[in-house]
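What follows is a pair of forms of the same protein chain, given separately as structure tokens and numbered structure 1 and structure 2.
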Structure 1
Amino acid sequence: MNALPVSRPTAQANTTTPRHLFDRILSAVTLADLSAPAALGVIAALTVLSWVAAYFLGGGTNVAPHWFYIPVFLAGLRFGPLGALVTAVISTFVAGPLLPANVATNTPQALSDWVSRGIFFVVIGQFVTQLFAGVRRLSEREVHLQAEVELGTTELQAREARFSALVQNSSDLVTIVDRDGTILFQSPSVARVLGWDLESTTGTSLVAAIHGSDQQLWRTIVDFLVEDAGVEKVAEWRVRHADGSWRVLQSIVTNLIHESSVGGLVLNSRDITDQKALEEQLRHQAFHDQLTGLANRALFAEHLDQALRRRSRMGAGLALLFVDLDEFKAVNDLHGHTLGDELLKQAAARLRATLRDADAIARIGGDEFAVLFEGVAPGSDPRIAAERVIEAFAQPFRIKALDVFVTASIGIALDDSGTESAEDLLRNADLAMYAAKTTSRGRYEVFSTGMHSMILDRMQVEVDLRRALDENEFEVYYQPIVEHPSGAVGGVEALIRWNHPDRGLVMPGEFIGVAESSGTIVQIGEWMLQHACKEFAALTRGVAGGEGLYLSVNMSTRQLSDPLLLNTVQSALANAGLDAKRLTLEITESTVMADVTNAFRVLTELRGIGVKIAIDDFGTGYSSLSLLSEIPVDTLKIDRSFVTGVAKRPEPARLIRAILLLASDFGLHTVAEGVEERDQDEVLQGLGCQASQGFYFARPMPATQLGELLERDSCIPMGTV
């Protein structure tokens, strides 16, 4: 393990120095190690001993027997000058006169002689005692100092040990590098934080382990720090973990290059990878749609803003695609939210796969997606991208063994002028999408300024439609269908009319599309069924042969995916007292194609209760042939576009012949639509068409007029239809 490069004091307490030996002797001599009573005992014993010695051996001086010095000195050393004085007085003035005269060299003459000797003895004793006391004080100071040094050293060592333990055990990583980034020291936590081997990585370059994109930050910080000693900086960088991953470290870098005990840049680093990941996750959650993982509206708005700023700098064009899933709501209602969610996920994945070249794709609403293209060049024409999306969405989505058909309608807003704001672009793309939906589903439309008023008109229609139902502004017109060759009315087609308070009589072409896209068609359709069935039943009730007439009612795509359709039809029939056999429901090929599986199921159910099914506008769809083999159908209504030219050009006639052949193969009843002229009628009859409908025979008419017509004309029985 490498040591922290801090200096340590080397002074150690040495118990065998001469100084110490002297101290030991001194404390022994001065009786310092003895307790006060023990020392008193020793001194008393020595005093008595000095008397005995003086008595028998005599004194060594002519002043006082020198044996007396010993206890006096000791008493002085142990108990100070007062102790020495007391001992000297006792020895000299108490014992002295008791001694025989020959003890001293000069025999004492008198007590005064003893007193003068005693005083001299006390003075000398005091002097020597003071000397010893001085030496002892010095020695004690030395010892005290020594003790202080030892205490200081111990404290220092403890402090260093504490600091070292802190560094060694710190969860943070402490690294010291020189100004080139070479690691001089690192704390053991490097093994935990970066998975590095402490020994082998010390001495290597820290910079080499920093992520390439963060190395410039390192250099900037080092350049800044070396200018000023002691300054610190906080930075975040990615450092390579031993397992190859990148860990984000937050480091406080301090310049301690000039600190001799450190001599480098100190990095106090904390691993904030998890924190960063969490932050990133939260950021992601805030700016992404949880379901599809695409950017959300907020992030898209940011992308768009940035793109617009770049556009103003670089002068490059922008395009915005607004993609809306057709019939998503119906799918959601019919199959449930789990399937709806799965559909959205798959739709998002399909968008991503189709629009790799897009700069941003976002989910900005329930079933709405926005796509941004920057620097739009001819090669990356957004129209081509829109076509690709529409094509991709033409394929069914496979969800839980179900084939779900959901087309996409797209609005495109181009930033040709280079002055559009983000809101303008989004609104324009939205309006263009709306415009695309109005004609039919699965199309795109590029925004144009005229769209605005057109869409406002449509919105007005939408508002008016809701009111129209409440105000009972709708009316049913009936157009007779004439059977061949009898020429009698076989049935009627119910066609809706809107008596608008301001606009007068409004034809279905002007509002059915709006009703369809806004969803009101379901209520209008229900009203139509209820009303037409009841009225028709009443009109035909009193008419001769009226029971044999049938009623044909148009169904929209939305109505077909309405889960309550069967109930609606049954209740309409029941309320009207109309036999199910007398009702035909007309649907177009595109309605069937929108969701073949659902169409098959619903039409089978309807046929199950006796209702007949007609394919309206036949021939204008795409998969006519395969459709007939799959879908339960009774009647084909040949579109007016074939009928118009049938008497003049061979091509329509050929097509009608082919349709009639096909119909007879499948055992289907045939009706020609839009017959306006006698020639057309003749050719159609010649080709074998079984019935005709058109202005040539009768225009659509109100109920009262139909009543009169039925009273007048003969009707043919149902059995022949």
Structure 2
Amino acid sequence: MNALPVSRPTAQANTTTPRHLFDRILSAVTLADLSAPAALGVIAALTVLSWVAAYFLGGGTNVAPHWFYIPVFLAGLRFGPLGALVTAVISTFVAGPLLPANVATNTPQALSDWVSRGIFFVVIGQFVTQLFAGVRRLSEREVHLQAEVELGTTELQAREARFSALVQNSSDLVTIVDRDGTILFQSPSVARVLGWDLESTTGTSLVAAIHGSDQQLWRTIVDFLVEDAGVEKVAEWRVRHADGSWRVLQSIVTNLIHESSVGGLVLNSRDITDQKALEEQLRHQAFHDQLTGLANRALFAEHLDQALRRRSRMGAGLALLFVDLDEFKAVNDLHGHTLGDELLKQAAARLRATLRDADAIARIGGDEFAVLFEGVAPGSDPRIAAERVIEAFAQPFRIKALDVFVTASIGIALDDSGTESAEDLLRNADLAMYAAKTTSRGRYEVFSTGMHSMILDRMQVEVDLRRALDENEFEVYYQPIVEHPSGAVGGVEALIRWNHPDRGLVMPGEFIGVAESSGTIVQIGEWMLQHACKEFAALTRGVAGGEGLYLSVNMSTRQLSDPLLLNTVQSALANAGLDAKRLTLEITESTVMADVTNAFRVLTELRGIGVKIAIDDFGTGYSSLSLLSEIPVDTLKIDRSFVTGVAKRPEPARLIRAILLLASDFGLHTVAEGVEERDQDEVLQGLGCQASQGFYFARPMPATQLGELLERDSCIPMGTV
């Protein structure tokens, strides 16, 4: 295993060296190992001993006085010159008289001799004392220095051992490479971090293992570091794992090429792959819709800002599509949020499949989506894309064995001037989408400057509609339905009118679309049903044959999705005292196809209480003819678009004949709408149509006029009303 070298401390010798022996002798002679009181005791004992020796060995031998200087030397070594002087004075003046006379002259030794010799020996003693003290200090200093060296060596060895242990067991990866990227050293953690074999990868190129997109970053950092020794840089790059995957390493790269003990670039690396994955996950969650996986409003705004900056540099055009799902709220309310969420997922997938990969698609919120086009030719590509989306959404969504029909209304905003801001484009596309929804479902509109005022007008209409319900501004008109061949009134269709306080009588085409988009159609429809049933029952009560007349009322898609519809119908019939068999509810093909399963259930429940069902504007929708055998229907109403040319061209007549044959096979009653001319009526009767309505027979009329008509005669003279 390739590892950093570690110095190990040598064993301490157990034998006593000459130096140690000398130190011990020196310590004993100088009384250095004794405390001050103990040293004084030894000196005092030796002083007394010198007195005794002088007494018995005194005389002319001149030996006895020399004993005095032994404690003097020791006192000087232990306590300095003052100690030696005190000891010498005491020995001279106290012990001197104890010495015997000189045997040669038989005279006492002169005190001056003792003093002179004492001074001499004190000086000599101090010299020796200082000599011993210097030697002692030198010895102690050498011992101290040797101890410091040994301590430093031990600490250095311990530090090296700790460093080696840290490198060997570190979870981070330590790598040393030369300036060309050749691996000189790797810590054992390379096996855990990258799955590399320590021995076989030493001497190979680290650069070859770095991801190709990150190799330029490596070269840039190396070029920067080799200029200055000791400089370090932090970098992140992808390095290939032994299993072929890429691991993201965060490395601190330090230039230690000029360090003789290293001689290369040192990389201290941490594996941050999981951290980067978590960061990416959090970023994705922050900028993507969790339900559909599309970009959210924040990320889309960022894409749009970047596109606008690129536009200013490149001069490329921009276009923005705002997509809204028609009737999504009704589907969500009827089937629940789980099915609604699945519908949004499938809608997002259908957008991805329909549009280009380069187009930025986002879920802005709820059932609204936005699409950004860059580098397009205004007036062509956005419109083509919008048509593709509308066509794709015309197909049903299959959710939990249900076919759910949800069309798309699209608003297009073009960056024609090249000066529009992100807010301008979003607002313009939103206004265009709103205009598309109010005109007709499942279509697109391109923003124009006049739309703003139009939208404001529609918003005012919405506000006025809510007020109209509270102020009872609505009124019901009735248009007779004539049976063939008798020409008698078989029933009437109830048509709503709005007596606006400022605008006068407002026709349905001017406010029904707003009511549908705003949701007020449910409240308006409930008022219409309650009022029409009560008024019609009152008008026909007491009229000859009045109990055989029927009332036909239109139902919108939102009304059919209202879970309280059955209760509303039953309540209207009960309050009016009207037989359920005299009420016909008209629905369009598109209303049925919006949610076939729900339509089948609701219509079945309505027929269960005796209410009849009519398909309005038949032949203009996109329903399957097989539905006629599946859903409960009583009447087919042929759309006015077929009736208009029936007397002038053969094609409409052939289509009406086919519809009449189909209705006959299913046992359905037929009514032709929009009959305005006599020849149209004659052709329709010739084809076998059972009933007609239109201006040729009578225009829609208020309740009072209908009452007069019914009281006068139930048979209408053609073209007179």
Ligand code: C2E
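Only a predicted model underlies this, so the values are computations on that prediction, with no experimental measurement involved. Between two forms, the rigid core is the largest collection of C-alphas that superpose within 1.5 Å. For residue numbers, the reference is structure 1: its sequence is counted from 1.
- Between the two displayed forms of this chain, it is structure 1 that matches the form predicted in complex with the named molecule.
- Once the rigid core is overlaid between the two structures, G487 counts among the residues whose Cα shifts by 2 Å or more.
- The two forms, fitted on the rigid core, differ between the two structures by less than 2 Å at the CA of K437.
- Shown in the overlay between the two structures, fitted on the rigid core, is a CA shift at P81 of 2 Å or greater.
- Once the two forms are overlaid on the core, R699 shows a Cα shift of 2.6 Å between the two structures.
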